[in-house]
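This text opens with one protein chain seen in two forms, each one given by itself as structure tokens under the names structure 1 and structure 2.
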Structure 1
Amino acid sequence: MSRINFDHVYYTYDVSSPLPSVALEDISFTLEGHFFSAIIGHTGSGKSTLVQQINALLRPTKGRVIVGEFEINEGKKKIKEIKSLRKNVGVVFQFSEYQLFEETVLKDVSFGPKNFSDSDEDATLKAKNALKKVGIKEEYFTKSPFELSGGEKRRVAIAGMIAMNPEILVLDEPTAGLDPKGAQEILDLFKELYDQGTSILIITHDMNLVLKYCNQVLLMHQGKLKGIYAPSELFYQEELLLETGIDAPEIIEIVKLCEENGLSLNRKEIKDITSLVREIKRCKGK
């Protein structure tokens, strides 16, 4: 079971410079069990900084982060411990398609497992499986990653992380800049991984995605954690959304209109158009 625990975490960029900027302030929360969670918030609210604490790319200036049995605090850690932490928590960055560098797609995807001291054959096997999961066809395996389209490159980059078989997969805006079809395919992939047992933490600006897939939302605002909500609660709290500059999915408006017209819908069940239609039908007694 995966567990992420933040205990009064502060993070400041350029601590010793004349202009230190506080990115995280007193963040405390726990994610436990098998989760598909989202971090939302305005640009510059500290989402990416928060995510980088989870695999020790950044270390808290104050406080501590506990992931599984690893504790990350301001002190230095042995590289071996950090490596095994990074094997358990895979972070895929924004615009990850630019990080590809090997001669072939297959080699690039097996780069991660090899770094975690897998044998060449094991690494290649894991890479092949990961590539199949993200829907890259076998004839692409020997191509150079630079020949692929943007969406394909991103899928290869994500495969690079999946190949390491992390317990928790963290993704920083994985659908940004993709066409709707490509985005949908990637989301379906995450859902599949989630169903197979991987916990997923996703940074996103796409509220439809949050409503449809996630079971918890961490709302960030100006470096602070506003709270953890269920999507079906959060999007009906108008004042909170206004304050943090979040737009609720359009479907929420429809739900509200239906309720004004006397339908008593079960908000928890409404995740997308299909489930909304189902709820309306149920209320109408069909």
Structure 2
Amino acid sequence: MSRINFDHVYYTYDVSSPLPSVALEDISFTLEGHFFSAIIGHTGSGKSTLVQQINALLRPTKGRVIVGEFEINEGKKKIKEIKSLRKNVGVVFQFSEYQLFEETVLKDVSFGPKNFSDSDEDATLKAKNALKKVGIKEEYFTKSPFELSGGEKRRVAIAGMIAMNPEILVLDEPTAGLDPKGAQEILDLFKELYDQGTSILIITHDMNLVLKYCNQVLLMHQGKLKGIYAPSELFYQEELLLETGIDAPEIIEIVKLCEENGLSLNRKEIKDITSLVREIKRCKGK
């Protein structure tokens, strides 16, 4: 079972300098079970700093993070079995080119499984399967990852994490820079992974994505967690959205217009235009 617990976590950059910068302030929450969750908030709200605590790329200045059986705290002591933690929690950052380093695409994606003691044959098989899942054609396997486009690099970085079969997959703006078709393909892949048992935690500015795919939303604002919401609850709270600078998905305004015209829609069922049409038909008895 996937479980992430933040227990009064603070994080300060340049803590010993004359001008320390507080990025996270008293963050406490728990995600558990099987989740497809989003972290949203304005640039500088602390989203990326928060996810880097999850696999100990950053350690709290104060407080602790518990991921499954692993505890990450402010101490200097080495975290036991950090390798296993990072196998269970795969993180793909927005600038995915920084995660690529091998001479070919196939070697890059094979590296993770090999690092966790898979044979060369097994690691290669996992890498090929992962690359096919993210839509990288076999003709690219022997290319240098640095010859790829930004979107292709992101797909390869995602494949590198998928090949290790993590329990939790954390993704920072995974659709940024992708065309609509490519973004849809990647999101459908994440939904497939979720349906197969992987928990997904995604940072995004795309509220349409959040409404369609996510079952809960962590809203960050100025280094603090405003709360955890269901998308169907959050996007109708106009004052909260205004305070935090979040724009609701376009479809929310259509829902409000329908309701103003007497339709009693089930907001929880509305994820996109298709589900909205289905709800309108239900209300009209068609």
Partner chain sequence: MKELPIGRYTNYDTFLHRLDARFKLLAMILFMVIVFLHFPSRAMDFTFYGILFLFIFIFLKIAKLRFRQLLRAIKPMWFMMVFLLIINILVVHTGDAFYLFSFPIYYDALFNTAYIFVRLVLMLAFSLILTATTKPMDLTYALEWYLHPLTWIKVPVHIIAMVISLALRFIPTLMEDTDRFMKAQASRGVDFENGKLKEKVKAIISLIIPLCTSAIQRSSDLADAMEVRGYDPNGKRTRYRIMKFTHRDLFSFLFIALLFSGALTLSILGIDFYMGILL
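Throughout, residue numbering runs from 1 along the sequence of structure 1. If you superpose the two forms and keep the largest set of C-alpha atoms that fall within 1.5 Å, you have the rigid core. Remember, it's a predicted structure, so these values are computed and weren't measured experimentally.
Structure 1 is taken from the form predicted together with the partner chain, while structure 2 is not. Superposition of the core reveals a Cα shift of 2 Å or more for E152 between the two structures.
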